[in-house]
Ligand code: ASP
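Starting off, we have a lone chain in the form predicted alone, written out as structure tokens.
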């Protein structure tokens, strides 16, 4: 008889366990016990898919998640890696793609699935999407594949490409500039490019630690470059991401900011404001000029993965930020 597989659920709170308050707002339960009780009641038959345990990480609205929570998740996965066949993180949707990106950057030699999921509607409501998402996350967590994934509605999205595209649709997440890793219909179909599970016993390497003091700036017509120059005097800021126009175009007037940032050895990453856009900064003179002043192109990557890469690289390899930003993560 085949041994039943084992899944560790890392509980991080989120809408999936939220309750409605008297004023109509949604909030996580006051106690760890009541929150986990709600999660267990989403689908009492989950053990038919895999035996599972629940590890408490945090009971928070994901708006409040911090890199400290990412480090706790990493250490929990590392400490339990050999004991389980897969991992499921229940997580709020607002920052789920950021957490998926952070795990994708900071785990090496991953040979099992790590699946993030949650819901747009609290599990206590009859119309909730919680049950479907949680069941499918369990199903993916025991499949013969490896990687960090978000499982939501009918999509399986690689953690390094995910972004939240809708605040209310049950199909809330999208893959940025790439195909989904898989699709959930009557059965689950994974794309051929998804890495296979490592079948033999093995260990992972984790590299916790993220620099949270970065600044993300979105360009708008007529915006004042002096606003960013002012921030250069704030010694706590360690790097910048600029959401530029189109292919990474930046209007004239930012040259002084780029020179000062370069002199202070502060990295400036440029990405496109377009959800499905990529930077091609050599195409136009306005982009080419910024490149000559040392900015780093974000290419076709999501804001979430660029943010996680920069935060991670500032702590672990500050002299290799250009390489890390441009390095592809599967």
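Numbering follows the first chain given and starts at 1. As the structure is a computational prediction, the values presented were derived from the model and not from experiment.
Here the subject shifts to the form predicted in complex with the ligand, a form of this protein not shown in this document.
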{"item": "Which of 241-249, 112-120, 71-79, 174-182 lines the interface with the ligand in the predicted complex (heavy atom within 4.5 Å)", "value": "112-120"}
{"item": "Triple contact flag 102, 104 and 158 to the ligand in the predicted complex, non-hydrogen atom at 4.5 angstroms", "value": "no"}
{"item": "4.5 Å heavy atom contact, residue 66 and the ligand in the predicted complex", "value": "no"}
{"item": "Non-hydrogen atom contact residue 307 with the ligand in the predicted complex at 4.5 angstroms", "value": "no"}
{"item": "Touches the ligand in the predicted complex: residue 163 (any heavy atom, 4.5 Å)", "value": "no"}
{"item": "Partner contact for residue 92 in the predicted complex: the ligand, 4.5 angstroms, heavy atom", "value": "yes"}
{"item": "Contact assignment for the ligand in the predicted complex, among 51, 55, 32, 61, heavy atom within 4.5 Å", "value": "61"}
{"item": "Residues of 16-48 having any heavy atom within 4.5 Å of the ligand in the predicted complex, listed in sequence order", "value": "18"}
